[in-house]
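Next up: a single chain in structure tokens, the form predicted on its own.
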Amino acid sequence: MRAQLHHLRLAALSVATGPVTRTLDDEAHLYADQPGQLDRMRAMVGIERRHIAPVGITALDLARAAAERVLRETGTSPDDLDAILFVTQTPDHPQPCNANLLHGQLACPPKTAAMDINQGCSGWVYGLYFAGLLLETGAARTVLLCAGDTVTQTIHPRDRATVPLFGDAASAALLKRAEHPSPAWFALHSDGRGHGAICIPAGGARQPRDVRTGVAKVAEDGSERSPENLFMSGIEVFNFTLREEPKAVRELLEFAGTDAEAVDIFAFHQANPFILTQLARRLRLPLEKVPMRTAREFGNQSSASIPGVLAHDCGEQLATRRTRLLCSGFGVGLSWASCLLNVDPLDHVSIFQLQPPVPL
């Protein structure tokens, strides 16, 4: 699906990361039977540290902290919000949705609509598109778009294929109807046939949790996980990414009638530095246009990944000058989504680590 919008303005952005910092060395016990594997993981994947949220801190907690900072720093009242969209796959409850819970925590008025979007690593672009539709029609003038997950809480602690990859974070973006129309191009894709490449098999209506679904087994690679834990086939995801992402980016540039040279920043989902480097090579992009420090410093932050790289790697530029920005996310679903935006200097941009709760 492709679309062009004209009234979407990214006004401000903040990202809150998990309060606990872990490095790859902290996971050395996972590779005790494979001497040298830790160094190979460090060299191959390139993720140096991650910020995670322990049980008791949720994506909603992180998003609330980011949202309160955005509203405070921009002088925006909750009364000004026409809608809250919350992209997450780790909600506080099966129902009600996180957007409604955040609506109540911020004390928004009844006229503020609230809705969750169940999507992963491509979710911020999906959310940006649906927020843009509200602004395009004039139904809304100000939208709060939150996106975030606590993926680490779904991973078995002895899954050595997955533990070192993920961090936790949530973002809050303040979006406004542009007074002076500026085109934004979107392309959204899905391939549900590949849904098994990234999944949590148990815990939903198809396979409810019971005494059996919580039992972990040892996989061929030595990792442990149960049907209630996240499973990811790294090779399938890698092949999917390099097969679809370069093609999708080229098609979006063609749809927008431009080329890669006219883009200032390519903000890809921060899966890991190795994948980002491969994407840059296949698209023949200069590495200075493909930020990847966020992947090294924070790991894969799922739906908060693109906001994370915008705030961490690109925050100074986005706060000071007009930027032509291409964002592209890919992952669970399988799904992938890209957009091309002209971003005026932001009113606020920040990334911060949530302070851990004070022990009782």
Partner chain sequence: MSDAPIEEFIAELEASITAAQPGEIQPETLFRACPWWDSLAVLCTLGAFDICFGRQIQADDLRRCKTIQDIYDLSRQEGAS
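Residue numbers count along the first chain shown, from 1. The structure presented is a predicted model; accordingly, all values stated were derived computationally and were not measured.
Just so it is clear, the following notes concern the form predicted together with its partner chain, a form of the same protein that is not shown.
Proximity to its partner chain in the predicted complex, defined as a heavy atom within 4.5 Å, holds among Val45, Cys314, Ala65, Ile57 only for Val45. Between its partner chain and the residues Gly194, Pro91, Pro78, Gly234, the one pair within 4.5 Å by heavy atoms in the predicted complex involves Gly234. The partner is not drawn, yet in the predicted complex one stretch among 67 to 75, 178 to 186, 242 to 250, 122 to 130 has residues with heavy atoms inside 4.5 Å of its partner chain: 242 to 250. Its partner chain in the predicted complex is approached by Gln278, whose closest heavy atom lies within 4.5 angstroms of it. The closest heavy atom approach of Phe255 to its partner chain in the predicted complex falls outside 4.5 Å. Remark: Lys217 does not count among the residues lining its partner chain in the predicted complex, judged by a heavy atom distance of 4.5 Å or less. Of the heavy atoms in Arg212, none are within 4.5 Å of its partner chain in the predicted complex.
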